[in-house]
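In the block that follows, a single chain appears as structure tokens, in the form predicted on its own.
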Amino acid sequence: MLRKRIPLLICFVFGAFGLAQYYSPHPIVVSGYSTVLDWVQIIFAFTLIVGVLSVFQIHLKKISRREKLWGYSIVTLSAIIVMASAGFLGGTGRGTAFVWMFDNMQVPMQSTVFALLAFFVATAAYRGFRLRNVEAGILLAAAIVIMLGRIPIGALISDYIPAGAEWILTVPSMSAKRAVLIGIGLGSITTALRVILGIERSYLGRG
């Protein structure tokens, strides 16, 4: 029973303390909250270690069992070891091996992945802009105005196109965005209160 009550008590105390710092400017609350943030950074460092160990455990298991595509596991573990060794031994400043590998290996790979995502975005846009009903027609018209309003040729066609694109972004699009943000905020508050009050206990595990 204590294994459940102690985590719930800790969660309630720190949750209530984190909530109080938004409403109380008292120096004790402010200094205490900064201390809590330092503890969070320490906990984050330990969770990073746990995450790395978990990655090693999963990929070593795949390598030992010769599972499908287990060669990629060797590449993953080798990359982690090489990058970590370069960072610990040579530092992370300019001109080091760590920065060179980051700029010449990881950045190009990230650019490649994002470039591939453009094709998926184009496919999704084609499906979304197919003129099947009135709503799809409105979406297609708004998309055309936005795209033309963001390139120089739109202003050459008419001065109304950039103005219309700006109006779409600042009025109907912004109102929808704010509605989504309000919904996200209410959902976040509800979830936080459920966790603080001990109603939501999924973080305690299945047991």
Partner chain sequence: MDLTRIDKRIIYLLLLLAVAIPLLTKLELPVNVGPQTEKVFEAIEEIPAGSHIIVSFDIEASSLPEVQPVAEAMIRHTFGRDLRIVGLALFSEGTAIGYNMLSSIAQEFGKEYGEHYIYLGFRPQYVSAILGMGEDINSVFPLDYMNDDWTEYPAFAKVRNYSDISLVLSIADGSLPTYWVEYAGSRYHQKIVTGLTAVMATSYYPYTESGQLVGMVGGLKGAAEYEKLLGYVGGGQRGMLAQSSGHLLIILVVCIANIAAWRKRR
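Only the largest set of C-alpha atoms that superpose within 1.5 Å between the two forms is called the rigid core. Since the structure is predicted, the reported quantities are computational estimates derived from the model, not experimental observations. Numbering follows the first chain given and starts at 1.
Omitted from view is the form predicted together with the partner chain, to which the following refers.
- Shown alone here, residue 151 lies within 4.5 Å of the partner chain in the predicted complex, counting heavy atoms only.
- Contact annotation for residue 60: none of its heavy atoms lies within 4.5 Å of the partner chain in the predicted complex.
- Within this chain, residue 34 lines the site of the partner chain in the predicted complex, having a heavy atom no more than 4.5 Å away.
- Within 4.5 Å of some heavy atom of the partner chain in the predicted complex lies at least one heavy atom of residue 170.
- Taking the partner chain as it sits in the predicted complex, the stretch 30-44 comes within 4.5 angstroms of it through a non-hydrogen atom at 30, 33, 34, 37, 38, 40, 41, 44.
- Once the rigid core is overlaid between the shown form and the other one, residue 127 counts among the residues whose Cα shifts by 2 Å or more.
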